[in-house]
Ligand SMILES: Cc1cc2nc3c(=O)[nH]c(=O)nc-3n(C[C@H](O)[C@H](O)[C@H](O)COP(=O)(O)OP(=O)(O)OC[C@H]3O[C@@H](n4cnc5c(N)ncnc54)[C@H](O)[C@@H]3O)c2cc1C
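Given next, in structure tokens, is a single chain: the form predicted alone.
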């Protein structure tokens, strides 16, 4: 990987999550010299919500390349309709996959890709002066000790996902006043409020900001905690009017997702759940009282300002993609989602059937030759991403890169 003129079969993958590892397994099978760079641990973001059941079942969650590589080493994963938790998925699939003899030396953890470019070319340079495809990708990679190296690859797949870039809670999608300062002590994850984080929320008042599946998951769990521990309560802040939560749909083909939203609505009707729903609200500012260890949250509403005092704050306003890493690459970015422009248009056109859309090369490609975004990274802020879509992305991407490699040989 460190050679200045890499062979045409070198492939770098950013991200060691489900899609990145599936891509690595598929790339190995296609004869690539593949290396995966992960800024933390393997499947770290999956483990962060590990207590939560997935919407999709076992038979849909494991890609064909991963399943084949695991089977080669005697590891067989379920193919039934039960939905594993994130922990089960990580422990039975992702961690063993990364530890296989084939992938273990190629998955580099605590190796953050800081920025990517073409060697000797700027984003503003014309595509054919000289041909960008003839110049290898140049990756600036930083290890856990802060040491940096420059590595090179013929092709690049960005499977970094979105969970590392949570959206801010403030009005208009930017940080509320004092949010950036207080962010390290607040949460932007779907916390395990009935398990590891129970003591943090039991008998306390928690503010949950967001109107999608993550917020619904938290509110259902906090309602259960309120029934178990007196004094526990939740203020649920959402920008919309609450008639339809983000991701909720009629005749949902995924029973687990339909059940979650039904439970969230039932919770709001349950007087014992101690849930206050604040619709049509946005967060303006946070204040933290270090004497009482409580937050004073200013909310903006069409009917006027409102203030909530709470003990804990959890933001679930969605996630975006980290774009600074690839800012020197020529990308066709959707102005709304930050992901692939062609894919966003196709998904938007598919409407309620977007999750059934099988992405093509045209959906995933960018002007930068040899570079594709796959998985949730390609969807970015559009959301509605399911793992079977990521597996299809991998199939398209590896086939395309193999064609480019073979043509150049």
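Just so you know, these numbers come straight off a predicted model, no measurement behind them. Residue numbers count along the first chain shown, from 1.
We do not show the form predicted together with the named molecule, though everything after this point is about it.
Peer 1: Any idea which of 63 to 71, 379 to 387, 357 to 365, 338 to 346 reaches within 4.5 Å of the named molecule in the model of the complex, heavy atoms considered?
Peer 2: This holds for exactly one stretch, 379 to 387.
Peer 1: Should residue 35 be counted as a contact of the named molecule in the model of the complex, where contact means heavy atoms within 4.5 Å?
Peer 2: Taking the distances in the model of the complex, the answer for residue 35 is no, it never comes within 4.5 Å of the named molecule.
Peer 1: With the cut-off set at 4.5 Å between non-hydrogen atoms, does residue 155 touch the named molecule in the model of the complex?
Peer 2: Contact with the named molecule, no.
Peer 1: Any of the heavy atoms of residue 371 lying within 4.5 Å of the named molecule in the model of the complex?
Peer 2: Flag for residue 371 set to no.
Peer 1: In the model of the complex, does residue 259 come within 4.5 Å of the named molecule, counting heavy atoms only?
Peer 2: Residue 259: no, not in contact with the named molecule in the model of the complex.
Peer 1: Looking at 163, 268, 186, 278 here, can you tell me which has any non-hydrogen atom within 4.5 angstroms of the named molecule in the model of the complex?
Peer 2: Partner contact (heavy atom, 4.5 Å) among the options: 163.
Peer 1: So which bits of 105 to 130 sit within 4.5 Å of the named molecule in the model of the complex, heavy atoms only?
Peer 2: 111, 112, 113 sit within 4.5 Å of the partner.
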